[in-house]
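This document starts with one chain, in the form predicted on its own, laid out as structure tokens.
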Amino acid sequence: MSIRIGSGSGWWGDRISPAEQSARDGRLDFLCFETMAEATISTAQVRARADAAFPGYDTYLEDRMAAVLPHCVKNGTKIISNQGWINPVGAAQKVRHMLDAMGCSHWKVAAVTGAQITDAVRNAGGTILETGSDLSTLGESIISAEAYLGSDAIVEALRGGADIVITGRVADPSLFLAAMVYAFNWSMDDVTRLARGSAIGHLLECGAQLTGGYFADPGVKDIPEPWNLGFPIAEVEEDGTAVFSKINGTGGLLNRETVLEQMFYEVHDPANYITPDVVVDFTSAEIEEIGPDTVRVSGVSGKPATDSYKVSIGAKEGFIGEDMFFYAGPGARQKAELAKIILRERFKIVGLKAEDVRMDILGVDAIHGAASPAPLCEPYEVAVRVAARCLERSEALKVGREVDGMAVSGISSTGKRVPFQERVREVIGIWSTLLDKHSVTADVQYF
């Protein structure tokens, strides 16, 4: 017995058409959507505070479901998705409404809740992993905290008859592992199979990164049709061996190199990749190219899971004011350098109170800063990015005001954007801590 699991997305803004194609032609048993980054829930909480109409779930939920639901219903493909963000129940209810409108009342939707533990973390002792400081030092700045749940509640939902499971924060590999645990009835004590399933989930979680996305380097690592990347599909055997492929006719590349790049993506210790379900050891993995765009992965091993959940904490850290202006033609860089001097002095005049100020010349030193080599030739055009991180919004607003002044009291040929876009954004710092698993309870609701 084997099952086929497809990746439907690797992040919130991912393309939708490849997921639709996999749902239609991939002969899938499961289609999994991963749409959350570390800051997603904190950003959603900020938006919810400012916009009462924001539903709290993935803003592309309806677009994705509209694209894949007809095919998934027709083909009997179950869906597992963390598009619930801070409102998994609302997301599940929206999908329920969409199914009913399709005449699919027999399909069952479940929401997994319990990841949001903001109040519990505010009152808990503990250590901030990044700094070693006591958690209490974040104080009232905490706006959100969520535990990275594992696969168990998703498995419960599937065993309860759900065809679609919507979650909030869940560890990325656990979305995919849940399908395997359910389909093969794996024991949660079977460390080897859980490790192999989590490794498969890790390879699938970033979507097209396994099939050539973020891989191409012209003349060094070329891939065919990078505009038409197919999303990966894993055919998984009961022992946790998997063969990865993509839809025939799609662009991109799936080979040993792309698998290795994704295998070690965001993995600090390949021998101890910690997930809520198991600790994965990638160092024993065997990766074999068995055909064009077809790779078998086997031999992954593991260790028992830890007794704690990682908790991601979003905390208010002030505001960033940011704007940009441009120069083109002879002397463009020299004008940009003089513009930076002018702005530094004007920030002093208006008494800008900032924790940090950056002025970068795009194309010259914006990424590597002082470590950037001198340009081999003078650039014909440049953009100057100005940003300041401030504790108060009123201070961050000064950045845009002073950049506006460059349009008529700056330097010859200064190009400015129309100053009507939002130029101040709230800064949400992301911190981590650990919390005993017994302190977190997941719940499943059906619709």
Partner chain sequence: MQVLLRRLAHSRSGDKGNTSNIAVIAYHAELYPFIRDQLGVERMKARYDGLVTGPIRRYAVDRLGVLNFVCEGALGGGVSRNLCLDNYGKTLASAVLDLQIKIPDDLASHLR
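What you see is a predicted model, and the numbers here were worked out from it, not measured in a lab. Residue numbers count along the first chain shown, from 1.
One more form of this protein exists, namely the form predicted in complex with its partner chain; it is left out here, but the text below deals with it.
- The stretch among 70-78, 342-350, 209-217, 114-122 whose residues place heavy atoms within 4.5 Å of its partner chain in the predicted bound form is 209-217.
- No residue of the trio R159, V440 and D443 has any heavy atom within 4.5 Å of its partner chain in the predicted bound form.
- Checked against its partner chain in the predicted bound form, the candidates F282, Y327, Y309, Y182 yield a single residue with a heavy atom inside 4.5 Å, and that residue is F282.
- Put simply, of D356, E225, D134, D100 only one has a heavy atom within 4.5 Å of its partner chain in the predicted bound form, and it is D356.
- At a distance threshold of 4.5 angstroms between non-hydrogen atoms, A387 is in contact with its partner chain in the predicted bound form.
- Put simply, V427 is close to its partner chain in the predicted bound form: some heavy atom of it is within 4.5 Å.
- Interface membership of D163, defined by any non-hydrogen atom within 4.5 Å of its partner chain in the predicted bound form, is ruled out.
- Although the partner is absent here, C377 lies well away from its partner chain in the predicted bound form, with no heavy atom inside 4.5 Å.
- Taking its partner chain as positioned in the predicted bound form, the residues of 248-282 that bring a heavy atom within 4.5 Å of it are, in sequence order, R256, E257, L260, E261, Q262, M263, F264, Y265, E266, V267, H268, D269, P270, F282.
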